[in-house]
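Below you'll find only one chain, the form predicted on its own, shown as structure tokens.
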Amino acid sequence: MSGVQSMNRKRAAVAVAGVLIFLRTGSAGDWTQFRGPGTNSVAAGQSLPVELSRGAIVWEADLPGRGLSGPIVQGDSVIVTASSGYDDDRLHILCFRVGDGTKAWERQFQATGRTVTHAKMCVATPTPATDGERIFAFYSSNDLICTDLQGRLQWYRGLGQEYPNASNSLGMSSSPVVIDGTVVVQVESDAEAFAMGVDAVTGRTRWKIDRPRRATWTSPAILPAADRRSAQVLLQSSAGLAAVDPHTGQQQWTFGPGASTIPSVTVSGDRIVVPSNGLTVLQPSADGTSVTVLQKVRGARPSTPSPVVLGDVMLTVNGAGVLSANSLTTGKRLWQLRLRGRFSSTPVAAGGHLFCFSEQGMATVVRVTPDQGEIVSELDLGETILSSPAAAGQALYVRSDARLWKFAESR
């Protein structure tokens, strides 16, 4: 091994070690939206069960209809959405108690927009979000519904009626994010495409911007403020990546050429990892007005799952179920590991492990180091899983169409 390679290995090991220390000592927060509060699928401070077995299942709850949306966790509540009915036009928001899985409440609504989707999808594909006081449920029909934490309706926006051309025959799947009192949604199709910031309290439009007219299934991500004046929302499309001010919708910078329309951008510290020509690693400027390309990794091509970064290790799952690890610093391939099955779910990273769920219902826990990926445990849940899991309160939550499970260490 050359001196440069040895140095890079040491840097990678130090970076991962630093993240592991952070994960062990950080606070165990709620899981507030798709891919968690940081929209990066990293569960800081969570100690999750790495030996998955039936004995690690604390409880399971039945769900109605269908749902590809992931669960979110706020305090002592787990919230999921579902859709049902002959035309898949019945919209459900369900709340379960964290402790025992009993259903606290359920609300049902009628879709106002288009409910036609691909057979693999359903109307309840986007993951909901919460700001700690309200729940924001979004659906493929472009219905955006706000309730309080007790399920009482606060406001309802039928964006499918307001903008009937913004739909496609496969279905919409972009999940909302909530930041500084603004709910941000991407509604992008070949006929009409826009992003919108909605006031979390009133449901009124704060801003609306035109987007490239092409069907997109990616979700917004949040770039924290750090040294910049304020946080930014990252919007990804076939044209590339754009950063906008969440309060005004004003564009701060753009990156091209092009990006994937399915797996979404992720953020790790001061690095932005974009599914673009494989993976492209960007670094934003200190004033938040531009970005610099640091790495282009053409060999790492995520399929449906979005990339996850753990320390210096970028992790992607391709269409054949191969988990690839590349250095965030150098782009160099570190290792590959074949998993069983195909994957739509984005994995969750916690405590130096990656928690993966295949479409066939195989749960796989992988120990991640810069040197290798090692399968620690597997559990066949026997049901189709297309949604991304949640991690909160030292527990892991995952759902199929029919079921919601809670996994935790036995006490």
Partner chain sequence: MTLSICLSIIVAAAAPEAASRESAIRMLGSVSRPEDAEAARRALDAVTRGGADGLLPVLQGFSNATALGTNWLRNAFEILAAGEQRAGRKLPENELTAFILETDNPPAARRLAWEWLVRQHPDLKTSIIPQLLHDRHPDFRRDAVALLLEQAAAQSGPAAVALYRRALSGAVHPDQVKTIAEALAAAGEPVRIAEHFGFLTQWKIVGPFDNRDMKGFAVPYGPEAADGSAEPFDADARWEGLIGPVRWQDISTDDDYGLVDIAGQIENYKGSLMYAVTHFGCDKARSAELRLGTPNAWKLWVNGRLIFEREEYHRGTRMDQYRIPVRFRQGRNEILLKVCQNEQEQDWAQDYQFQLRVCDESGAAIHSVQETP
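Predicted model, so just to flag it, every value in this text is computed and none were measured. Positions refer to the first chain, counted from 1.
Note that the form predicted together with the partner chain isn't included here; everything after this is about it.
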Practice task
Can you check 70-78, 178-186, 100-108, 277-285 and let me know which stretch has heavy atoms within 4.5 Å of the partner chain in the model of the complex?
Solution key: 100-108
Fill in the blank from the handout: From Thr292, Gln161, Ser230, Thr248: within 4.5 Å of the partner chain in the model of the complex by heavy atoms is Gln161
Handout entry: Of Asp210, Asp270, Asp190, Glu133, the one that lies within 4.5 Å of the partner chain in the model of the complex (heavy atoms)
Key = Asp190
Exercise for the section: Answer yes if any heavy atom of Phe194 is within 4.5 Å of a heavy atom of the partner chain in the model of the complex; otherwise answer no. Expected result: no
Handout entry: Contact label in the model of the complex: Trp217 to the partner chain, heavy atom within 4.5 Å
Key = yes
Exercise for the section: Look up in the model of the complex whether Trp253 has a non-hydrogen atom within 4.5 angstroms of the partner chain, and give yes or no. Expected result: no
Problem - 4.5 Å heavy atom contact, Ser167 and the partner chain in the model of the complex - result: yes
Exercise for the section: Within 4.5 Å of the partner chain in the model of the complex, which residues of 86-122 have a heavy atom? Give them in sequence order, or say none. Expected result: Tyr86, Asp87, Arg90, Glu106, Arg107, Gln108, Phe109, Gln110, Thr112, Arg114, Val116
